[in-house]
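Before any questions on binding or motion, here is one chain by itself as structure tokens, the form predicted alone.
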């Protein structure tokens, strides 16, 4: 099921609705739960960062809520996937966009293939967080209840620790890039995910195929 059909072409001011209210709730719900897991996880990862646990109620409180909020984060990610998975499918246009990604980094969108609702970079981040959440939950289970690991499978726990850290570091890297791109690199992105609306110029510049589709304009000849 795609949420793109829920998006309205334009509002009274001539803007285009980029995200519905439900999509914004999903985004912030998932983001906030991830931030909590990130902060408490970093507190457990290094003694130098243990002050994060103190800020969040202490070590025992953080230890109790970290795995629970991890499950909630995964539920939010799956909820999001229920609405966005079709929008996030990689296409031939996305592959051509990735081949020219240096133009994106130089803010030369005019040299890139026209993009749909999400560009290839956003899609890669989406799949990184989805599969990262699944791996974090799977490996986190063995850290949460180690008493259920048989003695004959004692090697499972150190492997789970390693994979949990790899998944955490990968999602942290993607999350930092996501924040940077949304706040600093592409002005208007934070407004879009906060209010739900973008200007026609913004939509036409950054996601032309999506803009043309929701406004009923003919596609460009590339």
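Residue numbers count along the first chain shown, from 1. Everything quoted here is computed from the prediction, not taken from an experiment.
Note that the form predicted together with a small molecule isn't included here; everything after this is about it.
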inquiry  = If the criterion is a non-hydrogen atom within 4.5 angstroms, does every one of 28, 80 and 122 touch the small molecule in the model of the complex?
reply    = no
task = Could you check which residue among 67, 174, 196, 188 gets a heavy atom within 4.5 Å of the small molecule in the model of the complex?
result = 67
query = Looking at 90, 149, 101, 143, which has any heavy atom no more than 4.5 Å from the small molecule in the model of the complex?
reply = 143
query = Is residue 112 close to the small molecule in the model of the complex, meaning a heavy atom pair under 4.5 Å apart or at it?
reply = no
4.5 angstroms heavy atom contact with the small molecule in the model of the complex for residue 164 = yes
inquiry  = in the model of the complex, does residue 157 come within 4.5 Å of the small molecule, counting heavy atoms only?
reply    = no
ask   = Do residue 137 and the small molecule share at least one heavy atom pair within 4.5 Å in the model of the complex?
value = yes
inquiry  = Heavy atoms within 4.5 Å of the small molecule in the model of the complex: which stretch in 93-101, 128-136, 80-88, 112-120 meets that?
reply    = 128-136
